[in-house]
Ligand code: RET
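Coming up is one lone chain in structure tokens, specifically the form predicted on its own.
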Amino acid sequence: MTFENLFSYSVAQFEVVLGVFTLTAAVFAACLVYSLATAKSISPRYRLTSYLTGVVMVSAFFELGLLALRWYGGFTWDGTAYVPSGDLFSNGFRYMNWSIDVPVLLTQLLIVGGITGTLFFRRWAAFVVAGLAMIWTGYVGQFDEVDGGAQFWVWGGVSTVFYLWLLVVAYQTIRDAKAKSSPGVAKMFTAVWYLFLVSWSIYPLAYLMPQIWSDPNGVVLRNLIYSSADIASKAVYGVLLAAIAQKLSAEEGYQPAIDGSSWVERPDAPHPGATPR
């Protein structure tokens, strides 16, 4: 029982939540098309990041579709409001989707950051362990979100510890990537860090919403937060990593990237500030 099932909703409240699900799914579909369409302009060394973005977009698209169907089927119109129909809405789909997407998103960062060898595998293992532990402990906690009891707070706190570990590893990875990048690419990695920090840090607000604002408007806000964070941490993140990969490809002399890039001053030479990677 998630707290979305506790309330009845006005037409506006119900339609806003349904519209948010639909819009977010549409963003993921558009990002999938973009990632596949631009993959050939990225050198083979970095191209996997575009395909991994595609994996994330497909996974997230289906998750949002299932959420929309569960929301639509979970409530019926009684003439004055949308009331619970008996078919429970569940946020469990989000946690299952994050179990796929989080390791993939963090693997993309390692690829574009140029992390290789044993360091790649150490960082990847840390990302996977911290990411999945963060998700699954949060999942356990949310089963007590209606009562707000010890399970909710204890497991939410454990999830936060794993998130902080993940944040440290992400910072180290971005720091290492910036150290061997040209100034322009380093600025883009800085943007990735701030995007990562902000978008991943607002998820706890949605998790805590049953205790912050436990009424239908809180439900609407919770789903706005979840969807905004998903769009930023998946779609915007994927596009930004693709832009970095294209710039790196152009700097390293990959002709398709040079031909389609506005970042390289001379079409026949790498960027003068490039650092060999």
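Keep in mind the model is a prediction, meaning the values are calculated, not measured. All residue numbers are counted from 1 along the displayed sequence.
Separately, the form predicted in complex with the ligand exists; it is not shown, and the next lines address it.
By the 4.5 Å heavy atom rule, the three marked residues Phe3, Phe75 and Pro216 all fail to count as contacting the ligand in the model of the complex.
Interface residue among Tyr163, Trp71, Phe93, Trp193, judged by heavy atoms within 4.5 Å of the ligand in the model of the complex: Tyr163. Leu105 is the sole member of Leu105, Val185, Ala130, Val112 with a non-hydrogen atom within 4.5 Å of the ligand in the model of the complex.
Looking at Tyr82, you'd find every heavy atom of it more than 4.5 angstroms from the ligand in the model of the complex. Remark: Ser233 counts among the residues lining the ligand in the model of the complex, judged by a heavy atom distance of 4.5 Å or less. The ligand in the model of the complex comes within 4.5 Å of no heavy atom belonging to Ala177. Heavy atoms of Pro204 reach within 4.5 Å of the ligand in the model of the complex, making it an interface residue. Partner contacts here mean any heavy atom within 4.5 Å of the ligand in the model of the complex, and among 151-159, 85-93, 115-123, 169-177 they occur only in 151-159. In the model of the complex, the ligand lies within 4.5 angstroms of at least one heavy atom of each of the following residues of 84-98: Tyr95, Asn97, Trp98, in sequence order.
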